[in-house]
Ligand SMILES: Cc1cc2nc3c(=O)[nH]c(=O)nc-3n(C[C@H](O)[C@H](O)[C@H](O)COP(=O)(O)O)c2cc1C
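Below, in structure tokens: the form predicted alone, a single chain.
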């Protein structure tokens, strides 16, 4: 966990992890834009991410980015499976840094939830004639509901290939200028599918007992850490609970966090759910913050809190109470890219290093 200063930490106190210092504890949570063509970033991504950096966030994490074409959620998802994806990201990251923010990226594989239509096109699995593709998962179990496609149960060779894809994407992320890397192991995508007994019914060394179900993520993390420089932070996002009987839960998350810390992970991004359809989640303001607090307290690993955090005082309290080291906002930053500047003013903090000079007359 990062060393504490003499002053009690708060939302606008800088945070240093490894060689990277965030100007404040506000981060842009990775949010899929479904606006890429063949995985390539474009002007939309420059404006979307650049606006949040100019709005004062300390950390700007690019959307879930596929490590292979088969790992995309939709045909419009971002990718890092080819060298051609790097150049447009360099431009975006240069701008993000110029605004004083740290550029980060989340890489992942959608597993059985891949090959879906964009949300505004219904979000259902795509048939082959509509541009769909075969999906992979730990076991041949469909997600269900609007995603009924039965995935191919991964062989050991498939597992190794996907892990190598993560390593290659990590190397490209470094070339693209990212300074913060997050592995996506939440929300029912491939790595989460390995973790939960509800989606993993394997009988080999990647299924069954807890030690086996966490193997895919631990091996992937270790492989990524070998190529991602030690001076740069490595984070992992998990769903801390499936909110379902017999599924992944908080206590398993605590033990996983201990293993990830030993594997070189610097921060755990604490989300929840989305493994199976039809689950009732008690959503409300800050409803996932308790997961972050518990894991941070039990393991000493730095954490990020996410989920319906909208009010400046609410976000500040999360940091002041030691419930998280970073607060990640999603929909609130879509509604207001300048939320960090507004929050600083509401909390009586300086906006000197946050508001762009070009906008100074507005503040």
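Positions refer to the first chain, counted from 1. In this text the structure is predicted, and so the values were computed from the model without any measurement.
Keep in mind that the form predicted together with this ligand is missing from the display, and what follows is about it.
With the partner removed from view, the residue among 67, 59, 326, 329 that has a non-hydrogen atom within 4.5 Å of this ligand in the model of the complex turns out to be 329. Residue 306 is the only one of 41, 306, 315, 53 with a heavy atom lying within 4.5 Å of this ligand in the model of the complex. This ligand is not shown here, and in the model of the complex it never comes within 4.5 Å of any heavy atom of residue 199.
Proximity of residue 184 to this ligand in the model of the complex falls within the 4.5 Å heavy atom cutoff. Using a 4.5 Å cutoff between non-hydrogen atoms, residue 302 does not count as a contact of this ligand in the model of the complex.
Not displayed here, this ligand is approached by residue 106 to within 4.5 Å at the level of heavy atoms in the model of the complex. Segments offered: 139-147, 90-98, 226-234, 184-192. Contacting this ligand in the model of the complex at heavy atom distances within 4.5 Å is 184-192.
Relative to this ligand in the model of the complex, residues 242, 250 and 253 are all farther than 4.5 Å at every heavy atom.
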